[in-house]
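Have a look below at one chain only, the form predicted on its own, in structure tokens format.
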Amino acid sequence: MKCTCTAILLTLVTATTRADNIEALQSVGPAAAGAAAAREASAELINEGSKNLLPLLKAFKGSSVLATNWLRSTFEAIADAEIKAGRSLPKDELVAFVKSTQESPAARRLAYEWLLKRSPQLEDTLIPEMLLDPSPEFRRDAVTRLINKAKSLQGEAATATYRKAMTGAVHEDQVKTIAKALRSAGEEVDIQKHFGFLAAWKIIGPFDNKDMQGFPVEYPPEKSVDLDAEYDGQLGKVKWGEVETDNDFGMVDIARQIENYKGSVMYATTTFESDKEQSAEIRLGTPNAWKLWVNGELVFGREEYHRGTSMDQYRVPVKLQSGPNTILLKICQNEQDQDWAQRYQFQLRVCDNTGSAVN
């Protein structure tokens, strides 16, 4: 009886220690806070071997970037030691983890990449099922396979395969490749709709931004979006007008479609209809300084000019209400006269965290 109790106690102590050690990895903070405890915990977890692989992966969910780095390095040290010792990783458990879309995408990817080291054929069984996976990386792999397959086909078979690939595509380069192939086959492709770009806006300005003084100024549209109002602007009275773009990637070009007012502020607003209350991301690309409001709440801004731009340059998590949501964008141009500093434009879309358009 004494031996049994001792064994139970040792089991409990071991389990408690493992949980404490993982918590120590999750507790690291900026400026090396908790790093000493994390090093000690990591060493113990590594010493205990493969039984800690899954708990480490599960701990990714909800952990900070710093903590994730500790979890990842500890996982990799254990996995590497197991493989060098000629032992197998817990394949069935790791495959099940990779398939679980409720787990951290980064952790699922880490498990997948280590599985491939011993079982590269798993790519052929796992990836084809991931066309609509919450992880953009897995989606990309699935889309790549379909694009490559379509290139080997002819006629309707190729077109059908490209269509299927488009359903999961969330990366700009892949969508461009697929759209080019489909359009060449006579298919209509609405890239704006696919990505969720907002193309029709009301716009007002210019307001003053000489010497870049306008970014913090609370001009009237920031206080209330009144589409019938008239205000004193930089060059006289200003009223809301309409601007729309047919650019595939939703680019509204103020400089070309209206005027490149140097040292100015413009405001653009539109309404996004959400079929339910939901979390979403607003993704923005612009070379100009900007602020963004959703339903009257300032959600983000960045005072930076002409450092380059790209699709999805900024990702802002937002909470959408069911029904109409008012989006207001403040976009600022400075007075630089170099050729590369003349763009006055933005593209904005509403999507989920995978990059798929939301309704």
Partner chain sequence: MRHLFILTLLCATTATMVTSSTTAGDWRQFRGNLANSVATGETVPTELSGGSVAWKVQLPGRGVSSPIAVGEQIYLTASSGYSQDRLHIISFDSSTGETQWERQFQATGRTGCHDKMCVATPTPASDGERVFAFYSSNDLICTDLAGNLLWYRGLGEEFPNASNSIGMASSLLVIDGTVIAQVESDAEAFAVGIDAETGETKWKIERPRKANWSSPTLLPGTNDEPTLALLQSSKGLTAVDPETGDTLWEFDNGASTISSSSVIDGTVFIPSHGLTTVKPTADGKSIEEGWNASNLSPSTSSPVVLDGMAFVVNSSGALSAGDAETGKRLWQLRLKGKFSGTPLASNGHLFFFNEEGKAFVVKPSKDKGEIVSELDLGETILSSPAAADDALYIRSDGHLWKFAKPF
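Predicted model only: the values in this text are computed from it and were never measured. Numbering follows the first chain given and starts at 1. Each form is matched to the other, and the largest set of C-alpha atoms that superpose within 1.5 Å is called the rigid core.
Keep in mind that the form predicted in complex with the partner chain is not shown, yet the notes after this line are about it.
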*At the 4.5 Å heavy atom threshold, is residue 58 in contact with the partner chain in the predicted complex?*
no
_Contact flag, residue 307 vs the partner chain in the predicted complex, heavy atom cut 4.5 Å_ = yes
*Taking heavy atoms and a 4.5 Å cut-off, does residue 113 contact the partner chain in the predicted complex?*
yes
*asked:* Can you tell me if residue 109 lies within 4.5 angstroms of the partner chain in the predicted complex, counting non-hydrogen atoms only?
replied: yes
*Would the partner chain be touched by all three of 134, 273 and 346 in the predicted complex, meaning a heavy atom each within 4.5 Å?*
no
*Within 4.5 Å of the partner chain in the predicted complex, heavy atoms considered, which of 194, 72, 163, 145?*
72
*Can you tell me which bits of 72-87 touch the partner chain in the predicted complex, meaning any heavy atom within 4.5 Å?*
72, 73, 76, 77, 80, 84
*Taking the rigid core as the frame, does residue 25 move its C-alpha by 2 Å or more between this form and the one not shown?*
yes
*Exceeds or equals 2 Å, Cα of residue 60 between this form and the one not shown, core fit*: yes
